[in-house]
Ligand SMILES: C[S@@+](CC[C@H](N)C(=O)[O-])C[C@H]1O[C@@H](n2cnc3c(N)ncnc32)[C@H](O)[C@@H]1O
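Shown next as structure tokens: one chain only, the form predicted alone.
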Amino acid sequence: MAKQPQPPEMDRDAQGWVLYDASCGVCSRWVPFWGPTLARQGLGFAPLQSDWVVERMALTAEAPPPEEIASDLRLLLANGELISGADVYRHVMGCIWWAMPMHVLTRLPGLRQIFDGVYRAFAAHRHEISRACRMPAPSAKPASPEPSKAGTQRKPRHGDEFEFSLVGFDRRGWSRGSTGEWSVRMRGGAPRDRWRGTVIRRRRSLLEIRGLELIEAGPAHREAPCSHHNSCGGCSFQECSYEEQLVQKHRLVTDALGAAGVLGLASVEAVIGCENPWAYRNKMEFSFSNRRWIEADEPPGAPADFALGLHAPGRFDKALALSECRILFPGGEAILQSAGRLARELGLAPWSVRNHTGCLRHLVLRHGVYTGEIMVVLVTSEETPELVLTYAKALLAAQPCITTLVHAINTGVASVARGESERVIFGSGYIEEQLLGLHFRISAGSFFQINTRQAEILFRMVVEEAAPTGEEIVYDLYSGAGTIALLLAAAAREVLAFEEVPAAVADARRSAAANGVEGVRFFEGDVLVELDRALGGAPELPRPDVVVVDPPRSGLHPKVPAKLLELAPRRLIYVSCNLHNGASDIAQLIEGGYALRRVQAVDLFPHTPHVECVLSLEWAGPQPGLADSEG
């Protein structure tokens, strides 16, 4: 059988291609303009005059004669089906949720004929519209921007090709570089690489580019060990050496401090990296989907109606079926493969995020690094006890390393890997883990740092910077499951921990009792409200000497820095998982009287742009109440 002509490498994973007349100025501007929207629906686009399109059309039975090919808009689906004319608009509108009403209306008797007539009239006169609007038609082959009549370069368009060099990466996981006057961002690569790529979209002076060819590898470039690195959004920088990743993360830290105007007030030490940057995640959440993202290098005939893995970047409705995951804990890949294979063998329906149908929704894997215990949480849309029990027994038989299996039921439409109710199918319903000598019980919904060994480094540093001597009252704000509070309790007079999530507070109290830790009290409630109570003189909330804050990624509540300045503890330790938000909190604290003494970043998330930071501040302003007494 003759081999089908193939589209360009960048579009081979598309589910179909919108084909337009490149000699028409309207078509050549209008179709690429909608390129990002088409891409989110799994559709690429190409000129009808492209060599591969002409060759593919010659092999397509439904194709019109060559002289008539460019007379209509076409849609060539990956299965070989060819759609033409107004039906192309109808098909595309049916793929986009906000265009679905138009899709329905244009299929109704009467309205269908009107819509088709308007399309035919437009198609017949499109070249006249193009001349009237002075829209030049680009060549069928993408090229670099050509000089205009005035001698200046036109703005780059979708499909233009460039050569460019990478210089670093940003906090959102993009590799950054430049070509001429244009800034460039792309997925993958490493600093000092030189690439050839094609423009996907332009935003002001920034070009988003898809890499086509690595022209010259920089000294930090590495072959990505994972076969899914081009399609999976779990890792951003597998093609970059780990040493260079740490250098770039240090730059992200200094950039964040510089943007807040506090760079230079304290030394920013080198990022503490992982001894082994692979297989570090002790927890991962995977999704079942009835729409599988087909990778470019997969053989023809790959099943498209079942996947267990991670969502493809930018596609909430499609999942990438993973055959491996290099950051998942050892043994996790085998469980993942067994879970997917057994679900297919038993004919269990995966979830559809579009139609809200199907049984299997999520698979959560958790691992105790020091205990070796493994938990599997199966999230389904309905209880179906017999079906789930059959599946669970088969999975336990295939993977005897599993120490407990929990079934969670999520009947809502939100794509979250937890349920309104849970039942334990096998084992205790929890795993145990150790951290710096403390023992923790981790249930299906418990929070626990996903990189156990690096978390030990982070928490040890927090305790060292807090430096309790046995005489201090310590506040732990946003205390979560209480790990920091329990570690501080051994050296402080008393630790008061504040957290608003009831389940986390319950876990913290249980861990304190299990470890025999005294001198720590956990308060369930909003941090801002509790600080107001402390400032109001609540007898159960003595003023702190040391405060540790470990807020969510959004940073502190806007009113919390002012409350901390009123309390004015001698030392304040700020743990940030997103310094670009946290740095503004630090700036407010410094302006109010604190001095920044140390900044230390710890890498808990190799191959991603995320980094944890510990910032140590000391009070340098007047003692609380002193200014009032002097006035």
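In this text, the rigid core denotes the largest set of C-alpha atoms whose superposition between the two forms falls within 1.5 Å. Sequential numbering from 1, following the sequence displayed. Since this is a predicted model, take the numbers as computed values, not measurements.
We do not show the form predicted together with the ligand, though everything after this point is about it.
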{"property": "The ligand contact at E298 in the model of the complex, heavy atom, 4.5 Å", "result": "no"}
{"property": "D526: touches the ligand in the model of the complex, heavy atom cutoff 4.5 angstroms", "result": "yes"}
{"property": "Proximity of E500 to the ligand in the model of the complex, heavy atoms at 4.5 Å", "result": "yes"}
{"property": "Interface membership of L328, the ligand in the model of the complex, 4.5 Å heavy atom rule", "result": "no"}
{"property": "Heavy atom within 4.5 Å of the ligand in the model of the complex - residue from P552, P558, G412, P303", "result": "P552"}
{"property": "Contacting member of S289, Q245, S479, S175, with respect to the ligand in the model of the complex [4.5 Å, heavy atom]", "result": "S479"}
{"property": "Listed range touching the ligand, judged in the model of the complex by heavy atoms within 4.5 Å, from 526-534, 337-345, 247-255, 539-547", "result": "526-534"}
{"property": "Per-residue C-alpha change between the shown form and the other one, C240, threshold 2 Å, rigid core fit", "result": "no"}
{"property": "Rigid-core frame, C-alpha of D526, shift of 2 angstroms or more between the shown form and the other one", "result": "yes"}
{"property": "Post core alignment: A190 C-alpha displaced by 2 Å or more between the shown form and the other one", "result": "no"}
